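In structure tokens, the next block holds one chain alone, the form predicted alone.
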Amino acid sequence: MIGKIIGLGSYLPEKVVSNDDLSRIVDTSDEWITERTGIKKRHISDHKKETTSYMAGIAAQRAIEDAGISGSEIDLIVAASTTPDVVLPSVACTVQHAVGATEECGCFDVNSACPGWISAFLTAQSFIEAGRAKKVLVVGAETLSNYVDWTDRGTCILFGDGAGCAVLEACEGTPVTSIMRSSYERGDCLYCSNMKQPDRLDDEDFIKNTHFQMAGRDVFRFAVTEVPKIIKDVLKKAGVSADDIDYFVLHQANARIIEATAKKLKIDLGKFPMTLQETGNTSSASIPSLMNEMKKNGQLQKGQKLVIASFGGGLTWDAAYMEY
């Protein structure tokens, strides 16, 4: 048995911050940001209401509605997040409550930075293949704006908040082929030292360590080298060619990285859908949110062959071949 996606949902905060808005707080411009990233705007949460857990719950509710099932049918929830609003309970447990899943539903989180949703998706596949789950919610949710240094134009221009979710159902089908890779040795180019703690918000040194620290050029070089390579490797492992693939659904971090990946693979850029211009980098939420948009606009159709791939802090990078 494999887990087929039968429902998709997403959530983006109401507040939108444009490149022009950012130019009023840091030395940047719409032209500078667009040229380097392709991003035009991003959604920023109201941290008092639109927490990671809240957004995850709404995205999950929408995915369940799209699947045409009840929350009580879900028997496992795997949530990916690097920016949970609380240490305990898990984001997955808050989603359980939001969708009305029963106490028979297992819940846990994974933290794998931007590839987190793929890690959660592959974990869910393993449970389904082992016969230990029949209907699974796979959620990615982030409030990255809570960890951004809004005085650093190198990072604050990149990130946005949001959540995405898929419902998987056990059925017969082509197994998912995947590759997961990590490199702690290269991890110092993208890291965050501390979780925020309310009683230490007046400690400047502590607050600095709660911000994302990123060597942008190093991350870019890493991504444009390793993402094409892992895509080639997963295609070879699956025994399919790039021509067989309908869409390459990549982490929405930077348009230049996606363009470079397409060029290196010698694949038409039209096979690489993008929403990052409207959302920025939403980390683990980006792939399920993108797939939801693809479904809504008619791009995503049953039976299509997809490659999903992502990269992020750790450093970690994952890819999978699947049939939608």
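Just so you know, these numbers come straight off a predicted model, no measurement behind them. So that there is no doubt, residue numbering starts at 1 and follows the sequence shown.
From this point on, the text means the form predicted together with ligand COA, which you will not see here.
Site annotation in the model of the complex: the residue of Cys93, Leu235, Ile245, Ile157 reaching within 4.5 Å of ligand COA with a heavy atom is Ile157.
The listed set Ile128, Leu122, Ile230, Val219 contains one residue whose heavy atoms approach ligand COA in the model of the complex to within 4.5 Å, identified as Val219.
Across the options 285-293, 44-52, 251-259, 59-67, residues that bring heavy atoms within 4.5 Å of ligand COA in the model of the complex belong to 251-259.
At a distance threshold of 4.5 angstroms between non-hydrogen atoms, Thr275 is out of contact with ligand COA in the model of the complex. For the chain shown alone, Asp27 is a contact residue for ligand COA in the model of the complex, at least one non-hydrogen atom being within 4.5 angstroms. Contact annotation for Ala98: none of its heavy atoms lies within 4.5 Å of ligand COA in the model of the complex.
At the 4.5 Å threshold, heavy atoms of Ala80 stay clear of ligand COA in the model of the complex, well away from it.
Not one of Gly7, Thr177 and Lys305 comes within 4.5 Å of ligand COA in the model of the complex, counting any heavy atom. The single residue of 280-306 lying near ligand COA in the model of the complex is Asn281, the criterion being any heavy atom within 4.5 Å.
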